[in-house]
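The chain below stands alone and is given in structure tokens; this is the form predicted on its own.
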């Protein structure tokens, strides 16, 4: 097969537009996953609601993401865009995983740290904010970073709800031009162009902040 460079030039603007949507969905969804996952990890330590929250998170983790996307999209009023639905569903779905990561980090904090906080009569907010979470988060930076890459690679599932992300654009361009191989190959290169720098950044953060 001879590569069609003219097609590449023509298709790139639309593909870059789809990539921009993909990046936005990933970043916003990841912020939701980080914040909601942390909240879930803390709430799960409360005896009354902990088991209920755990059950909900297990349900989310054990059902396919694409099914969740389509289900929520069909139940959502039409005034809410598919992109918004995708961001929220991705964020909530991955919060079930980040919550487990945070939980492992919290449980890895030495018991002596908790006991020292109680001995000093520190309020709960001070104990969590100044002692527990700074140590716990440092330990789980690598795992949290891996979920950023995983979420980025899961954004093509938004094709199921009509979001014009990168793969959707490639499918449209390939169908219109009958140059599917070129379109999907370009998608692969664009994903690599974002994934590789992200992985490098995560490794640098790991070396700088993660506990040894």
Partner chain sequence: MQFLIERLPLYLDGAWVTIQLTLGGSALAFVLAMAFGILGTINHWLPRAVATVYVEVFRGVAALVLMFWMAFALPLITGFQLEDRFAAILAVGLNVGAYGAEVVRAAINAVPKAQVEATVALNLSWFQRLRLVVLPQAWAQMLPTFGNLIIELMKATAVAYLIGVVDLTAVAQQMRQATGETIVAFFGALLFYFLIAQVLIFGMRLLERRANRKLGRTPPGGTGLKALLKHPAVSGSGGAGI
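Just so we're clear, the structure is a prediction, and the values are computed from it rather than from any experiment. Note that the rigid core is defined as the largest set of C-alphas that superpose within 1.5 Å between two forms. Residue numbers count along the first chain shown, from 1.
In what follows, reference is made to the form predicted in complex with the partner chain, a form of this protein that is not presented.
- Proximity to the partner chain in the predicted complex holds for all of 93, 143 and 150, with the criterion being a heavy atom within 4.5 Å.
- Checking 52, 27, 39, 66 against the partner chain in the predicted complex, a heavy atom within 4.5 Å turns up for just one residue: 66.
- Although the partner is absent here, residue 32 lies well away from the partner chain in the predicted complex, with no heavy atom inside 4.5 Å.
- Heavy atoms of residue 185 reach within 4.5 Å of the partner chain in the predicted complex, making it an interface residue.
- When the partner chain is considered in the predicted complex, residue 181 lines it closely, a heavy atom lying within 4.5 Å.
- Residue contact check for residue 46: none of its heavy atoms lie within 4.5 Å of the partner chain in the predicted complex.
- Heavy atoms closer than or equal to 4.5 Å to the partner chain in the predicted complex belong, across 66-100, to the residues 66, 67, 68, 70, 71, 74, 75, 93, 94, 97, 100, ordered by sequence position.
- In this overlay on the rigid core, residue 23 has a C-alpha that sits less than 2 Å away from its partner position between the shown form and the other one.
- Superposed on the core, the two forms barely differ at residue 11: its CA moves less than 2 Å between the shown form and the other one.
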